[in-house]
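Listed next as structure tokens is one chain, alone, in the form predicted alone.
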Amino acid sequence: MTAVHTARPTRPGWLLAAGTVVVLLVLEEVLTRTGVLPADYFPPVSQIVAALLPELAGAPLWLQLGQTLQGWFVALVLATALAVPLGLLLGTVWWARALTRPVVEFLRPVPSVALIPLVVLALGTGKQSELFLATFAAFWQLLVATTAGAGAVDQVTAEAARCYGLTRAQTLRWVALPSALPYLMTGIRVASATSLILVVTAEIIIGVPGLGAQISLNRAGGSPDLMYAYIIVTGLLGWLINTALAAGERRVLHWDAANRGPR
């Protein structure tokens, strides 16, 4: 596994992306207004915006947004705290990696959504179920990324650490962790998106308070304009989180030439 670094979009790239979004929104408005798309299922963009603006001025939307953000953040922190130390160990100790490989390869592909009935039976329909599902999904992505990064330590560097008499803990801190950092930062961005997806999914299916629950409630209540408004807020939240993490990745890995991209 190799760390994938994407260059920061240039200004023409941002303009092209923004222009594409505007064109798609205008197209949806025209198709709905002309009856090509059923308005009951695809409200015009202008109607969605009109429904969203009052929500932005009220407290309920921000409370639901806070609930979703809290679930996402706690799940990502838990997954990171569990996966990074274990990944460093598995990446540097070959026999530990060999012993745990069957378990990792068995559990890693299990879709977290498939665990929802079992989790609800075991933990109920509260916040703890949401946190377990999101943490479970993010954990494996971070574990695989950290293990691959720690295992990619340059052999000359590892031999130098042994010659200087570094202990196992010092080798993990000063050799394995810096080697794994580019992999880890990429893993955090991927796991962040997965964590948010599972949080919103749990809110929609289980009914945990948050943006997903509002999407489900407005769908059941026959308010497709509000449903799409909350979907837009959820999408913007994901975009903002990814943008912030990408900026943090560039700052932390400023020494990594492959990660810098155009300024």
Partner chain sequence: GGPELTKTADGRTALRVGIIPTIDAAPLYLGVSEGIFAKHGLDVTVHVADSGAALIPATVKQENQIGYANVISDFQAAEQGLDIKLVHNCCGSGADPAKDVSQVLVKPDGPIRTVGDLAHANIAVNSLHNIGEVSIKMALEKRGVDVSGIRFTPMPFSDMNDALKRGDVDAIWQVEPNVQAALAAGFTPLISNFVEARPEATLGYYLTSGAFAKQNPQVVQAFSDAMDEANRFATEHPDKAREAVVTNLRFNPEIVSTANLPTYPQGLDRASAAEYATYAVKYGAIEKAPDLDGLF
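Since we're looking at a predicted model, the values are computed, not measured. Numbering follows the first chain given and starts at 1.
One more form of this protein should be noted, the form predicted together with its partner chain, which is absent from this view; the next part is about it.
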Q.
Considering non-hydrogen atoms and a 4.5 Å limit, does its partner chain approach residue 216 in the predicted complex?
A. yes
Q) With the cut-off set at 4.5 Å between non-hydrogen atoms, does residue 82 touch its partner chain in the predicted complex? A) no
(Q) So in the predicted complex, is its partner chain close enough to residue 220 to count as touching (4.5 Å, heavy atoms)? (A) yes
Q) Taking heavy atoms and a 4.5 Å cut-off, does residue 52 contact its partner chain in the predicted complex? A) no
Q) Within 125 to 145, which residues have a heavy atom closer than or equal to 4.5 Å from its partner chain in the predicted complex? A) 125, 126
